[in-house]
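Consider the single chain below, provided in structure tokens and representing the form predicted alone.
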């Protein structure tokens, strides 16, 4: 059985304004997962918040999402933890089980606060609800998209304004886009997708959705890896290299995808919308942004991080942290964040601001990902999420490296997932 969590209501009888005014400093752990000047943007927002409220917020850059989670939990257990952190939205179940979170309901949501939470895109709130409470605020959200080199498309005889919509179309296009020199050495791969630790589950989650498969139940207590559709998804991924020779053998690493694309070493990469501004700034060639193809049509996966609040914080710090979250999601700031990074603004109101309307009008790729929210699913999210991710990643990598078939990799992942999740299943 899943353990009950205590309610932390102490101190919440104080008026909200009084509680927030007693706080002078806050810290939050923040993941740096894509290129570009994101730390400077975050620090700029923190300074704006301090000017508006008098509260100093210090971001701690702790690596990728997995590293940020580990460091935040370690700091909290050591009594030195932050009051809040941006962590994967998919970590909700695991964070609950660690008993380190405080819900927004426990912090205190008045009528205006509840209306504010209802104003986010529903797809981005999918990983925020559990046990009748709200556990996080959408912030750094994205979908997986394809970046493609339009010049390479034209060179290969492909229409640079039309991106493949099905797996078969992508396989054929990627094969044409792959270039080799006279000795047979590849000088440009057709397509690259990340299978490294911390990213393999996101890539595979998108592929599973593209095959019409759901990887877990909503409660996070079961995972479904050994279905024919999951095997089909992994076989397709593996086949891009082994059958179509359009992707490198083995595992491609997330940090290398953007450089490979910008340097012309990959014609297509699957990446996050949060990389859009970086690509726009640094690409020396015309590029396009498109939704991911699917077996029968486009489908993608929602990803990115939410802002979580920790129970180690005092009631005053919790209220100040919630105030910071509301500040960060104001329409004008959400629009600015989307413009500067490429992440999807989490609230429809942001797209009604003049700044974002004008930006999208002048740069239509900035609004591509939002159009694919209706065909997106949430990222793989279960209890013991990191252990499930590790099991999946190890087996996906074994398949990509040629030491396991797709069927064996999925069967082995299922066996390990069943073992890990057994304590969480109700009798």
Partner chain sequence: MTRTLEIIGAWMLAILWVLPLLYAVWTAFHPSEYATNFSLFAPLTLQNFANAWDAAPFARYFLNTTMLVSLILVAQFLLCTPAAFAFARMNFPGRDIVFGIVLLQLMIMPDVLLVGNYRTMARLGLVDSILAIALPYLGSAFGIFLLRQVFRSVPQELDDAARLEGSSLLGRMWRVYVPLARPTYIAYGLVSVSYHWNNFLWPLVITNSVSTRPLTVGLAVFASTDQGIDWSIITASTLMTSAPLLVAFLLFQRQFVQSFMRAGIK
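Bear in mind that the values here come from a model prediction, so they are computed numbers and not experimental data. Numbering follows the first chain given and starts at 1. The term rigid core refers to the most C-alpha atoms you can superpose between the two forms while keeping them within 1.5 Å.
This protein has a second form, the form predicted together with the partner chain, left out of what is shown; the following refers to that one.
Stretch-level contact analysis of 363 to 371, 56 to 64, 383 to 391, 398 to 406 against the partner chain in the predicted bound form, using heavy atoms and a 4.5 Å limit, identifies 56 to 64. This chain is drawn without the partner chain; in the predicted bound form, the residue among 333, 295, 71, 188 with a heavy atom within 4.5 Å of it is 71. Residue-level contacts in the predicted bound form: of 263, 161, 110, 352, one residue has a heavy atom within 4.5 Å of the partner chain, and it is 263. At the 4.5 Å threshold, heavy atoms of residue 149 stay clear of the partner chain in the predicted bound form, well away from it. Among heavy atoms of residue 318, none comes within 4.5 Å of the partner chain in the predicted bound form. Of the heavy atoms in residue 343, some are within 4.5 Å of the partner chain in the predicted bound form. Under a 4.5 angstroms non-hydrogen atom cutoff, the partner chain in the predicted bound form has residue 274 among its neighbouring residues. Contact with the partner chain in the predicted bound form holds for all three of 77, 255 and 278, each having a heavy atom within 4.5 Å. In the core-superposed comparison between the shown form and the other one, residue 77 has its Cα shifted by at least 2 Å. Comparing the forms between the shown form and the other one on their rigid core, the Cα displacement of residue 384 stays under 2 Å.
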